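This document starts with one chain, in the form predicted alone, laid out as structure tokens.
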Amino acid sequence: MYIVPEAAIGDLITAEASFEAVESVFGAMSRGDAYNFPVIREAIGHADALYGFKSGFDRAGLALGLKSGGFWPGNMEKGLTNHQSTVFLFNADTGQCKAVIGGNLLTALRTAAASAVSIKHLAPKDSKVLGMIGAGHQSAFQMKAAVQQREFEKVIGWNYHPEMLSRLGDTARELGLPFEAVDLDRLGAESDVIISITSSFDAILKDAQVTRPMHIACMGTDTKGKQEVEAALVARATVFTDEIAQSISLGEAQHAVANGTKAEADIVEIGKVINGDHAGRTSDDELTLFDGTGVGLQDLAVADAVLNIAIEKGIAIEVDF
């Protein structure tokens, strides 16, 4: 069995390699070559934490395993990231544990890759203004991945806690882009693409605030009850997702589906767009929305890529188990 420590991950995989792994596995899911198992995600009644498992199997690549982890909101005060996770890979032929891999950076990279995949396939081609909702740890990864897909000229952003917006400003400057803090009315009126990456349980962006065609990537809703945008906004958008079962049960579409304003049949797997089985955006006037619920196969895809690189470079630690 191999161990790839969290500290080694940053030297082993790039944002570009993560993008390729996630785009590929989304396509495999839609072809029926890969599938996710039901998600377990629970409040544990300690440290205000959410904890769970995401798992799946890719028949084509033989990636079998799970990610264990969750969200500890008090970790920032301890000098740790709030999201903590570990990926376990198993030998698909024998069931033996093949590897234990640090999952924190991988989770950030695969989440950003998913929104970037949606921007590549769904955002208006001439998108110039990137809107950001949320300024937590993940937001920098999201912005860096997004700018690889369109020629953005400006970033605008909003956060519940304005004092945290410096992270967005610093990241934008690193990317050579101007940044401006705005209210949600301006965000919905001026953006060509919006990425929301929060842990909110109440709708932040309202339907009436989105007054132009755009693409919205909702990346924070991954638990029953969470919500980043108003259900009416989901209802009038053309909705794409990583996995429909998760979208309607614990993703951003759960609320619109529950109140009957969005039908499950109207939600499209983004893998169908990647594979050429769906046209994706069909009009310049269209409002598209990607419900990025986060699937176990994303984690397995990037973890498997990291493991192969780590073994090749002699960085993976081999132990008897």
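These numbers were taken from a predicted model, which means no experiment stands behind them. Here the rigid core means the biggest group of C-alpha atoms that line up within 1.5 Å when the two forms are laid on top of each other. Counting begins at 1, following the sequence as shown.
There is also a form predicted in complex with a small molecule; it is not shown, and the following applies to it.
Peer 1: Counting any heavy atom within 4.5 Å as contact, can you tell me which stretch out of 232-240, 90-98, 173-181, 198-206 lines the small molecule in the model of the complex?
Peer 2: Going through the listed ranges, the match is 198-206.
Peer 1: Which pick from Gly102, Pro124, Gly169, Gly136 sits with a heavy atom within 4.5 Å of the small molecule in the model of the complex?
Peer 2: If I apply the 4.5 Å criterion carefully, the residue I get is Gly136.
Peer 1: Looking at Gly61, Gly69, Gly294, Gly280, which is the one with a non-hydrogen atom within 4.5 Å of the small molecule in the model of the complex?
Peer 2: So the residue touching the small molecule in the model of the complex, by this definition, is Gly294.
Peer 1: On the criterion of a non-hydrogen atom at 4.5 angstroms or closer, are Gly27, Lys120 and Ala245 all touching the small molecule in the model of the complex?
Peer 2: Not a single residue of the candidate spot has a heavy atom within 4.5 Å of the small molecule in the model of the complex.
Peer 1: At the 4.5 Å heavy atom threshold, is Gly220 in contact with the small molecule in the model of the complex?
Peer 2: Contact check for Gly220: yes, within 4.5 Å of the small molecule in the model of the complex.
Peer 1: Verify the contact flag for Asn159: yes if a non-hydrogen atom of it lies within 4.5 Å of a non-hydrogen atom of the small molecule in the model of the complex, no if not.
Peer 2: Taking the distances in the model of the complex, the answer for Asn159 is yes, it comes within 4.5 Å of the small molecule.
Peer 1: Taking heavy atoms only, is Arg110 within 4.5 angstroms of the small molecule in the model of the complex?
Peer 2: Judged by the heavy-atom cut-off of 4.5 Å, Arg110 is in contact with the small molecule in the model of the complex.
Peer 1: Even though the partner isn't displayed, in the model of the complex is Ala189 close enough to the small molecule, meaning a heavy atom within 4.5 Å?
Peer 2: Contact check for Ala189: no, nothing within 4.5 Å of the small molecule in the model of the complex.
Peer 1: When the two forms are laid on each other by their rigid core, does Leu50 show a Cα shift of 2 Å or more between the shown form and the other one?
Peer 2: After core superposition, the C-alpha of Leu50 moves 2 Å or more between the shown form and the other one.
Peer 1: Checking Trp72 here: with the core superposed, does its CA move 2 Å or more between the shown form and the other one?
Peer 2: The answer is yes, as the C-alpha of Trp72 shifts between the shown form and the other one by 2 Å or more after core alignment.
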